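Just one chain follows, in the form predicted on its own, and it is written as structure tokens.
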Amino acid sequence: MGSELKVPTMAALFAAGKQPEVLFWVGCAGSFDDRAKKITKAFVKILNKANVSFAVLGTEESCTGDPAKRAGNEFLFQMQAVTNIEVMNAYGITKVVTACPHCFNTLKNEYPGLGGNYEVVHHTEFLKKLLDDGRITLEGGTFKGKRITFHDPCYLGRANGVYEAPRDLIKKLDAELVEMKNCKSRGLCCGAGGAQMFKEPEKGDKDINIERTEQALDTQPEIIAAACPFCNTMMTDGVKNKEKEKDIKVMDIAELIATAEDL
């Protein structure tokens, strides 16, 4: 880990008269949640290795407004969105990548109506493109033959139809991809969507994340792969609930690649 992470801010690049290839939208989880910060770092290491010219907004980035909107506070959502759009448009941003499907969905589908038109890609799609273009190479050594099941984030899969990019990356690691009973267009929520991340569940027979974790455990995986910071939290909690955290890791796709690349 000798090399330092290079994370330029948009303000610094703009001042130097430069425009990055892509804006990396870090998101609230990726900025503040200790577990999700590791995903952010893993993704940045890959971007650095691939010599991608990127920037972050830093302190100029605020929440996309997804939790506010999903919880029913449209007014707060629009305030948050318009603030972000003004900042991005002032910098002439055209392409955005994010490791959070909630940010991805909101930037891609909700922002155009408020004047924010950008090409928005999820980090799994971006990583797949880097691989296809030969900007990163993958040797599957670390994960060769490992049983990995992939949990489809709702806002990546069912809401935006991105199913293959993360799976292609897992296969490129020479791992054995095992599918859960509910996957792809029949995927099951981790239990954190619709702003449920920030509250305790309603009373019922079983928490959603426990149901989903049981489906994952049925595939007898060594690793549960996720592509969303919220899903990561919920699946990790589920694995701990089943007292399996010593045997089964929950990892983001970016972390799998960074680990395989020994970054």
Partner chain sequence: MEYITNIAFALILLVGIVFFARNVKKLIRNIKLGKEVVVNDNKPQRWKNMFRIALGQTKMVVRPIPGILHILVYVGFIVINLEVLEIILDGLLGTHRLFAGLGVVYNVLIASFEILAFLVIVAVIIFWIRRNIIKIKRFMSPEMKGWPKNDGNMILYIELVLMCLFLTMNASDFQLQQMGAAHYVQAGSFPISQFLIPLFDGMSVPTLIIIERSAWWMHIVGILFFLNYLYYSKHLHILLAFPNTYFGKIGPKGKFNNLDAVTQEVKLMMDPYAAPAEDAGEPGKFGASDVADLSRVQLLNAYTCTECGRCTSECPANITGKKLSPRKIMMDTRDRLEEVGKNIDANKGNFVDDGKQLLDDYITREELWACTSCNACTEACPVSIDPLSIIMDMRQYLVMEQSAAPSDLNNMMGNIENNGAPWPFNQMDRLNWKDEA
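Remember, predicted model here, so these are calculated numbers, not experimental data. Residue numbers count along the first chain shown, from 1.
There is another form of this protein, the form predicted together with its partner chain, and it is not shown here; the text below is about that form.
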Looking at 90-98, 120-128, 178-186, 165-173, which stretch has residues with any non-hydrogen atom within 4.5 Å of its partner chain in the predicted bound form? 178-186
Between its partner chain and Val7, Asn73 and Glu202, in the predicted bound form, does every residue show a non-hydrogen atom at 4.5 Å or closer? yes
Would Asp207 sit within 4.5 Å of its partner chain in the predicted bound form, counting heavy atoms only? yes
Although its partner chain is absent from this view, report whether Pro67 comes within 4.5 Å of it in the predicted bound form, heavy atoms only. yes
Answer with yes or no whether Thr142 is in contact with its partner chain in the predicted bound form, where contact means some heavy atom within 4.5 Å. no
Using heavy atoms and a 4.5 Å limit, would one call Lys49 a contact residue for its partner chain in the predicted bound form? no
In sequence order, which positions of 39-78 have a non-hydrogen atom within 4.5 Å of its partner chain in the predicted bound form? Thr40, Lys41, Val44, Val56, Gly58, Thr59, Glu60, Glu61, Ser62, Cys63, Pro67, Ala68, Lys69, Arg70, Ala71, Gly72, Asn73, Glu74, Phe75, Leu76, Phe77, Gln78
